[in-house]
Every structure is written in structure tokens, then in C-alpha cells.
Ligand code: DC
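Take a look at this single chain, the form predicted alone, given in C-alpha cells.
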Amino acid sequence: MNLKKQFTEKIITIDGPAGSGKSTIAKLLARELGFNYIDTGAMYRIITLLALENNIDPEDETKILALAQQSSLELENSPADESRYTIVRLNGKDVTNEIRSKEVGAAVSIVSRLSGIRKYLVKLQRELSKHGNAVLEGRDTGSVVCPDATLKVFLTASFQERIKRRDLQNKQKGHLIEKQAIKKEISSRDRIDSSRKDSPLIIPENAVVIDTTNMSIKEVADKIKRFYYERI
């Protein structure tokens, strides 16, 4: 089955730490190549929102997983609206904005390191990747979710640049957060993502590593497309 999938669907995975430009680049590539866009991080945010709305401790894996398995999670591409490129529904309700709240952002790193949650969502992500050509974006898409992807990319950037980008992103969304708090958040995410037992953030085997610190969005996207066309 894996061999058949490798030849029928073309998959690009984009991994990297917070603020490296994954979401922006993945959306642009999906739009320009006509691929589906799969935001794996949004799926962890949905589960986190589910836990918070039901007053479940973010570390209570058993209760969160049981509730998640009884719930409906939907991701829908909407290329015409860049601000809502992925429309997210939880049990039929549009929660696209809710999953980006400060509360969800503060708890998602705790929920995402739970082994049972990761295994559950990886299974769903693999199913989504079978529904046509796709760009998957996250922290383990090339190493765990789709290790046989057509092209695996790992984006990085300097720590200061990542703080700067996250600050700009927050301001564009109307979220006024002190830079010191952003620095603390990114440091925490880096530590948790890299040290968790299940699916840690690593550079996938045979991945193309791109330092985006001094590159424009277009430069990064064009570079990835060149690698992609070479692979196919």
C-alpha cells in the first residue's frame, strides 16, 4: 500500500520550530501547486480546545483521548481567504478563530506531547494525506506522518528572527503580547518539541534544510519548488 501511495499522491512535508515560516510557506506552496494543505498543528489545537472547553486537565491523556475519539474533527481548505486558509470545525462548529486563542496557545504544547494523542492524530493525518496531492506542515510530518514523502523540507531561522515574526503575527491578529512573553513561549516550545519521547522535532532523513532568516517568502517558496520539480 505504501508503494502505491508513493506513486499516486505527491506529498511535500514542511517541518520546523515555531516561527520558522512553516505555515506561510506551506499555504503559498499549496495554493501555487494546487495541492491540499494539511495543518497538523491545527489538529493539536482542536484537541486542546476540546480539553479546555470540557474543563479537562491538559495532562490528562486518558480523558482527552476518550473525548477526542467521540468527537468530529474537520479541516477544510479555503484558498480564497488567506486569513482563514484552513477552516476548522469541531463537532460541526466552526472553531477556526477559537483554536488560535491565547489560552489554547498556552496549553497546546502540553497536550501535543501526550503519546496517545500524537498516535491518534498521526493516524488521522495519514488518512488525510491519501486524499490527493498535499503539503503537510508541522513538526513531525516528514519524520513520522509521511516518511516516504516526495519532498521533505525542514525550515529554520535564527531565534531572534522567529521572535520577530511571531510578534508581527500577533500584532496582525490584534494580539498584544510582550516580546519577553513571546521569547519565553518559543523557548518552551523548542524545549518540549525537541525533548518529547514521541515524535520529537528532528530533521527528517533526506530532508532539505533551509535557513529562512534572511530570505523572503517568495525566495523560500521558489527554492522549495525547484527541489520539488527536481524530485518529480
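Everything numeric in this text was worked out from a predicted model, so none of it was measured. Each residue number is its position in the shown sequence, starting from 1.
Keep in mind the form predicted in complex with this ligand is missing from the figure; the text below concerns it.
Asks: Does the trio Asp140, Asp193 and Arg196 actually contact this ligand in the predicted complex, every residue with a heavy atom within 4.5 Å?
Replies: Yes, the whole trio is in contact, each within 4.5 Å by some heavy atom.
Asks: Which one, Lys119, Arg100, Arg89, Lys130, lies within 4.5 Å of this ligand in the predicted complex by heavy atoms?
Replies: Among Lys119, Arg100, Arg89, Lys130, a heavy atom within 4.5 Å of this ligand in the predicted complex occurs only for Arg100.
Asks: Between Val108, Leu75, Ala157, Leu151, only one gets a heavy atom within 4.5 angstroms of this ligand in the predicted complex; which residue is that?
Replies: Exactly one listed residue reaches within 4.5 Å, namely Val108.
Asks: Answer with yes or no whether Arg189 is in contact with this ligand in the predicted complex, where contact means some heavy atom within 4.5 Å.
Replies: Contact with this ligand, yes.
Asks: So, Arg45 and this ligand: in the predicted complex, are they within 4.5 Å at any heavy atom pair?
Replies: Yes.
Asks: Is it the case that Gly41, even though its partner is missing from this view, gets within 4.5 Å of this ligand in the predicted complex, heavy atoms only?
Replies: Heavy-atom contact with this ligand at 4.5 Å: present for Gly41.
Asks: Would you point out which of 111-119, 157-165, 67-75, 90-98 contains residues with a non-hydrogen atom within 4.5 Å of this ligand in the predicted complex?
Replies: Every other range fails; the passing one is 111-119.
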